[in-house]
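Presented below, as structure tokens, is a lone chain in the form predicted alone.
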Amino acid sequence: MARARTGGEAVKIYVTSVLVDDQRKALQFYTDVLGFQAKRDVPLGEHSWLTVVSPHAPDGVELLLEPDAHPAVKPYKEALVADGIPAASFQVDDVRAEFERLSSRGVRFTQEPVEMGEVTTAVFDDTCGNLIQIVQM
């Protein structure tokens, strides 16, 4: 897990979120297509506390597939997508290999791999209302 020092106590990131328009569709995309593993699925009325993790770090940071039901969220997400701004960024070992793997699975990229010095990035549509960046450092 990522840790930061704040004058004595370690602060850890244990969960971060991406706002999705359909949790079940998002779960299918993030597990079956991207390769994450389901971690928690706790029913909370209409929605769930639904998280996924990297198979390389099953006890690491969890990604919450959070419902975008709040009225402020849809205009926010639409503005980000319109300006090409990713909602999240995931690190990969090889952006070009991941671009090929995901493209072959039908993932639509809005930015093909671009090298920026020591960093290479690409951006795709997660089918749940977000652009997601993959980055190789």
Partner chain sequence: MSDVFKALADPTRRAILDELADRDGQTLFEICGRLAGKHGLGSSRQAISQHIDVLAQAGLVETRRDGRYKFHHLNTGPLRHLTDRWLAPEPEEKP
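None of the values given here were measured: they were computed from a predicted structure. Positions refer to the first chain, counted from 1.
There is another form of this protein, the form predicted together with the partner chain, and it is not shown here; the text below is about that form.
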Candidate spot Q23, A69 and V73, all three touching the partner chain in the predicted complex (heavy atom, 4.5 Å):
no
Interface check vs the partner chain in the predicted complex: of R40, H47, R108, R105, the one with a heavy atom inside 4.5 Å is R108
Identify which of D59, E112, D93, E100 has a heavy atom within 4.5 Å of the partner chain in the predicted complex; exactly one of them does.
E112
Does G84 reach the partner chain in the predicted complex if we count a contact as any heavy atom within 4.5 Å?
yes
At 4.5 Å between heavy atoms, is Q136 in contact with the partner chain in the predicted complex?
no
Residues in 30 to 69 that come within 4.5 Å of the partner chain in the predicted complex by at least one heavy atom, in order, are none
